[in-house]
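The data below hold one chain only, encoded as structure tokens and taken in the form predicted alone.
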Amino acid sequence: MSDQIEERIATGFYPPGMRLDETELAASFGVSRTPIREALIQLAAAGLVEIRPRRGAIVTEIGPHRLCEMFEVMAELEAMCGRLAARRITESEQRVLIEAHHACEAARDANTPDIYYRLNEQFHHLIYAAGHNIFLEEQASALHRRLRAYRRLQLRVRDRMGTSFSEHAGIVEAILAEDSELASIRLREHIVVQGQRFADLVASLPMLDSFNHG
């Protein structure tokens, strides 16, 4: 149940600041309020919702400064994943990564940002796994989940989808060349949000509420 609610938060169906009513959620998912309450407690522990006195569960709102900090940490985690992947990726994992990259290319060419986003997630998770460090993979995946709504939003900023794919090409090239430092640098630059990219992201935050409610 928490996974289903988390998915709706991540895709912006439940935007930041929205109150999650237990009765409405129970009706929506066709369950009693008990599993809903338990799910909201789990999501609160993960930082995705806040349980407030007399208001109930509210989808967590992340301020611009906090958001920048989280992307900064995400960039370092992904850089570590890239460094290890370049050293440890297997031949079969290389083939799957190339296939995932080509799938992203097709979504870019079709100009379908939502499909590109899902394929982009797969691309990054393949890199996490290729590092063969389970603890690092878990930490990167957890923060990736926290930032899903915002990473998805980034792809709607100007030509970010095309730029993202071009950066992916450089990342794949570095990993296949077993250049761990270059893979690390390119993944960090791919993720970190600073300068104009940060200004663009902050300016587009109100769009979160219009993804599924516009």
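Keep in mind that this is a model prediction, so the values were computed, not measured. Numbers for residues come from their place in the sequence shown, where the first is 1.
Below, we refer to the form predicted in complex with the DNA, which is not included among the displayed structures.
- Every residue of the trio T34, R37 and P53 has some heavy atom no more than 4.5 Å from the DNA in the predicted bound form.
- Within this chain, V192 is remote from the site of the DNA in the predicted bound form, having no heavy atom within 4.5 Å.
- Within this chain, D200 is remote from the site of the DNA in the predicted bound form, having no heavy atom within 4.5 Å.
- Taking non-hydrogen atoms only, I9 never approaches the DNA to within 4.5 angstroms in the predicted bound form.
- In the predicted bound form, at least one heavy atom of L20 sits within 4.5 Å of the DNA.
- Only one of 141-149, 24-32, 176-184, 63-71 lies within 4.5 Å of the DNA in the predicted bound form by heavy atoms, and it is 24-32.
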